[in-house]
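Only one chain is given next, in structure tokens, and it is the form predicted on its own.
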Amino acid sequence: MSFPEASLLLRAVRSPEDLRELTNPQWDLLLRLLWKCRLIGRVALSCDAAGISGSLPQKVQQQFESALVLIDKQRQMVAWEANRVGWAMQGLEVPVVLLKGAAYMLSRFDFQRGRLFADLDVMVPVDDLARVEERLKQRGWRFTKLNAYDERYYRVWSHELPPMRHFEREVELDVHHTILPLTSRLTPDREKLWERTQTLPGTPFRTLAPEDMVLHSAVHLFHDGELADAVRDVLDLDGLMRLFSQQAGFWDTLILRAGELGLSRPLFYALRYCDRFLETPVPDHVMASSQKNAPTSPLRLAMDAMVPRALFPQHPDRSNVATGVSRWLLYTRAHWLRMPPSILLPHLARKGLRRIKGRPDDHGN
């Protein structure tokens, strides 16, 4: 990597045994970076597995211990929220799919150990959305306060209900009805997603098929997302692909499924940057096949320049113009892919005006 913050972070993720060589200033920087991109729990557990935790500086051990306590609390909170959603859905006969972190956690995927998160994402059939919303309200969930514009955004253009929170608990609940906004330039067939969902043993929930989990993570990051400090999501993609590649035929099915759902471009980016940053063991024929869906050379070169600067956190004490420009361009790109110009331009104008007035954006829209 061309900038030290990214190199230090990747070193911690890929070679935790080398961390014994770090100086105190390097540890100070690394700990701040790990907290910022929510990877401190993963590295803490990796150091423990490598048998080096006891040889690290005392302040590092204390930071790791604190992080693992926080992670354990968050996991309990999200698991309990999932339990309560399952309870609330009893009698509705509506299938509920767990998405992203909650799906990884309750599926007991090894790579998700040490993962920091504090919300619960689920997906229900669009035809059942109104019944699910009403049932959740009856059971104590409430929408966060929104103005009229944001309410319309969620109800008309988005792929999810406005965020909900139970009046007794802190965990945010996001109820989706598909995986991308309705206005997005990519519109995967949600019926095809539902056809291949799988039961999650020991729970009332379902999960996406393995290939669809990868594709959802890819579109969340490289199509609909804004990438800032999102290196954790690249690690999720790496973990999913390493895990599912143990299943016969996974790679070929992944390529075919991406084509079937119209998600080949986000998959190209996922494979490209997982290979580049984490050396994900993607077969050569899969990489070659994904190249057919690569953007033009100028766009590819631009993404190669911007993506690393956006994904990896910058030095907390020093701003960087190149990083700021890269993040702004990728932020604009995400919105361009998310909305047609007739919606996008007024939307960005409204957001800009709210920032000028000192009002925070609601939920990143």
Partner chain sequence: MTDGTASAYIARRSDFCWEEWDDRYVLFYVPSQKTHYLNQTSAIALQRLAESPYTAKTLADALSEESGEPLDEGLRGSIAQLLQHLETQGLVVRITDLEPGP
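Fair warning: this is a prediction, and the values are worked out from it, not measured in the lab. Numbering follows the first chain given and starts at 1.
In what follows, reference is made to the form predicted in complex with its partner chain, a form of this protein that is not presented.
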Using 4.5 Å between non-hydrogen atoms, is Asp284 touching its partner chain in the model of the complex?
no
Is Gln76 part of the interface with its partner chain in the model of the complex - any heavy atom within 4.5 Å?
yes
Contact flag, Arg139 vs its partner chain in the model of the complex, heavy atom cut 4.5 Å:
yes
Decide whether Arg84 counts as a contact residue for its partner chain in the model of the complex under a heavy atom distance cut-off of 4.5 Å.
yes
Quick one: in the model of the complex, does every one of Gln90, Glu93 and Glu168 get a heavy atom within 4.5 Å of its partner chain?
yes
Among 195-203, 68-76, 272-280, 99-107, the stretch whose residues bring a heavy atom within 4.5 Å of its partner chain in the model of the complex is 68-76
